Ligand code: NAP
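One chain comes next, on its own, written as structure tokens: the form predicted alone.
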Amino acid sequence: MSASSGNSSPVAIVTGASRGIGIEVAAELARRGYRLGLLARNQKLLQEAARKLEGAAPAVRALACDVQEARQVETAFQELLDWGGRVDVLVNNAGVGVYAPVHRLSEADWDRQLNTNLRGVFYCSKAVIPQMIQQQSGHIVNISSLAGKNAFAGGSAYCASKWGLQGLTYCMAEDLRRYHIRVSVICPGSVHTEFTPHAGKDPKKMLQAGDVARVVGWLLEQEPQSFVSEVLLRPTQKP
């Protein structure tokens, strides 16, 4: 699904864009005039998200893609680069979480979390960096979690993936700053989405997906000579 107008507008690609934080980030970027490349695994939900955003963004292109799969990432990003002609922002938002004590966690669940939350960021970032280097501009925003800072029972694979994402982000920032490419990470606390049930927590006290989206927008407002490397986002009250 796509719209053909606004070819001079900047381009943003958002992974995990079909719902939750992803669709709110896409909506924030649409309000700022970005053409949107939307990626997610679920084709039906992704097309529904694209229809919601088409009236707000100059143009929308939605492609089903599992960021765990290098070949899928390569194909989808090449199509988006051909469509958009450039890429100004990449938001690595796709993520999964399975929570269990480490001795009860299956190898499949370990692999799925590390491959989505960490390896997927590596694949997607590598897919846009050459274009950003050519442009001598760009901003990569990785959506991590306070779980990348704090341990909790049952979170071994999820925390490992997010701690790894912190390190990947900081190293990418050092690798790319010479090309005027900024790399930032946002670490939210519990966000009220379908991602995890948050049993026993008051959703009114939790962070909302729009709170994270507004931080993404704020990061993009920084002057060219500066960037914010990390944001820790917490609710004002403990849910």
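All residue numbers refer to positions in the sequence shown, first residue = 1. All values reported here derive from a predicted model rather than from experimental measurement.
The same protein has a further form, the form predicted together with the named molecule, not shown here; the description that follows concerns it.
K.L.:
Gly20 versus the named molecule, in the predicted complex: is there a non-hydrogen atom within 4.5 Å?
P.N.:
Gly20: yes, in contact with the named molecule in the predicted complex.
K.L.:
Could you confirm whether Ser190 comes within 4.5 Å of the named molecule in the predicted complex, counting heavy atoms only?
P.N.:
Close contact exists here: in the predicted complex, Ser190 approaches the named molecule to within 4.5 Å, heavy atoms only.
K.L.:
Is Ser184 near the named molecule? Define near as a heavy atom within 4.5 Å, in the predicted complex.
P.N.:
It does not: once the named molecule is placed as it appears in the predicted complex, Ser184 has no heavy atom within 4.5 Å of it.
K.L.:
Asp202 near the named molecule in the predicted complex, any heavy atom under 4.5 Å?
P.N.:
Contact check for Asp202: no, nothing within 4.5 Å of the named molecule in the predicted complex.
K.L.:
Based on heavy atom distances of 4.5 Å or less, which listed stretch (74-82, 103-111, 128-136, 141-149) is in contact with the named molecule in the predicted complex?
P.N.:
It is the stretch 141-149.
K.L.:
Would you confirm whether the three residues Gly16, Ala40 and Val96 all fall within 4.5 Å of the named molecule in the predicted complex, going by non-hydrogen atoms?
P.N.:
Result yes, every residue of the spot touches the named molecule.
K.L.:
Give, in sequence order, every residue of 62-93 that has a heavy atom within 4.5 Å of the named molecule in the predicted complex, or say none if there are no such residues.
P.N.:
Cys65, Asp66, Val67, Gln68, Asn93, in sequence order.
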